[in-house]
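Okay, here we've got a single chain as structure tokens, the form predicted alone, with questions on binding and movement later.
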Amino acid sequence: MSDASTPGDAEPEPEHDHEHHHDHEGPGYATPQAAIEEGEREKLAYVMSLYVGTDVDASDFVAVVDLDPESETYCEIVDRIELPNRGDELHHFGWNACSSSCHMEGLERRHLIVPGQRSSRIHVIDAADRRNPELETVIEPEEVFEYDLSAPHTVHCIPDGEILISMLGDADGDLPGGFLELNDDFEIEGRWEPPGEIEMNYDYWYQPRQNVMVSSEWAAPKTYYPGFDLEDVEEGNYGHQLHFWDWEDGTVEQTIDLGEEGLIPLEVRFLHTPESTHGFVGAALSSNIFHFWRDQTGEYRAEKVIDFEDREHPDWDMPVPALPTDILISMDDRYLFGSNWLHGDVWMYDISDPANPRRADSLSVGGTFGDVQEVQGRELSAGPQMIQLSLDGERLYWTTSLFSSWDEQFYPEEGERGSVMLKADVDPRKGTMELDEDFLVDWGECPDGPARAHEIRWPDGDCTSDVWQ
């Protein structure tokens, strides 16, 4: 049986008071259940938007998207925080504080930490005014390279108010990667882990009550920057391991090799309940989902629990893998959601028993095989990619860009037409999803030209950034 229990203080802005009614002093919510009960419906989204790999000569930007159905600008990009340089390749981002710091008096979930994957430049955006955030400061790449790190990826706040960023390469774009730590003044504090703890890096998640962090692997930046190359698979240049860390010491306690069925373990999630040691990771290239957990001896185990079959397509010389590039866990820890970027579907599994996920539903939309290939007459260029779920688990959103050079390789139309953001209405009681064909946000209509869209965040916390201590 599952061990899942089903259980800030920024200035108020006109339409949405993000000071929650809770009895703690810091940002976020006291528990995952409080996030469900106290969180309001999402009315805005922040979305990574980029021009890297397109014909448009413009800087990347953070899009502010109106998600309020009662608004006149519903489904529109209502603000763009344009960044000062070109070629950053915005990818993943995070908050300076989340529910892990809900005990920290005076700390606010106010600043977005926005790295450039290719540039290694780190932007700090003040989002006190949720509808009109402003760029506050920039950490230039040379400052990052001093710590022999590059290619920032996952941003998590940590409970004492500092910020930890996974870095995929060294200063030259080779291995090993590591972790960069920022202090609460957004200055580089230093390298978080002793150098040499790992070779490859990608995503990570921590569970402070269990004193554990888990990290996954993609490859060296120089390997994945140009695009996917089958020779890199044959030469062993892609990752296939999970690393379990002592959270307080910042050292690797255990490494699990997932083997050929665990190639490129990307997004990695613990269940939200802070007592749990169960989690999941998607192995993109092997089209598998692994469940991991700590057993009675204190060792972590990992087992493949979901397998997506390859599919034949007349335009492909080889069977098309599903490429599950993103996963998330609903705030009540009942459902695991994910995207199959190449096949073109989003899916949900009931993980009430995490060792035996049960398929609940899926939607076939976009991608190579999707049943739905256009919405509101807008032709879809790629498959579902980055996903985000409402706190109440009733609305699933997704965008369609993976990484500029990989987009160009598998869906070149994505750079010409731009990305879209789509939505499904979810019934968590029945375990079903239905595509909302009235919802479409189109990055093909941006003023400077079509742009790509990647990760999504809510202003007041979400299923992929909040951690509980």
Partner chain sequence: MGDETRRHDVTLEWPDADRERRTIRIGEDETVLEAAERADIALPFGCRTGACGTCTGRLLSSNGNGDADEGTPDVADAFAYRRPPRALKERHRDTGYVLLCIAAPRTDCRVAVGSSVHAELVENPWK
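Predicted model only: the values in this text are computed from it and were never measured. Positions refer to the first chain, counted from 1.
Not pictured, yet referred to below: the form predicted in complex with its partner chain.
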property: Answer option from Arg378, Arg131, His103, Lys222, heavy atom within 4.5 Å of its partner chain in the model of the complex; result: Lys222
property: Proximity to its partner chain in the model of the complex, single hit among Asp172, Glu162, Glu146, Glu394 (heavy atom within 4.5 Å); result: Asp172
property: Residues Glu25, Cys98 and Gln469 all lining its partner chain in the model of the complex, heavy atom within 4.5 Å; result: no
property: Residue contact check: Ser119 to its partner chain in the model of the complex, 4.5 Å heavy atom; result: yes
property: In the model of the complex, Val426 touching its partner chain (heavy atom, 4.5 Å); result: no
property: Phe228, heavy atom within 4.5 angstroms of its partner chain in the model of the complex; result: yes
property: In the model of the complex, Asp55 touching its partner chain (heavy atom, 4.5 Å); result: yes
property: One stretch from 32-40, 440-448, 406-414, 426-434 that, in the model of the complex, holds residues within 4.5 Å of its partner chain by heavy atom; result: 406-414
property: Those residues of 62-95 which, in the model of the complex, come within 4.5 Å of its partner chain by heavy atom; result: Arg86, Gly87
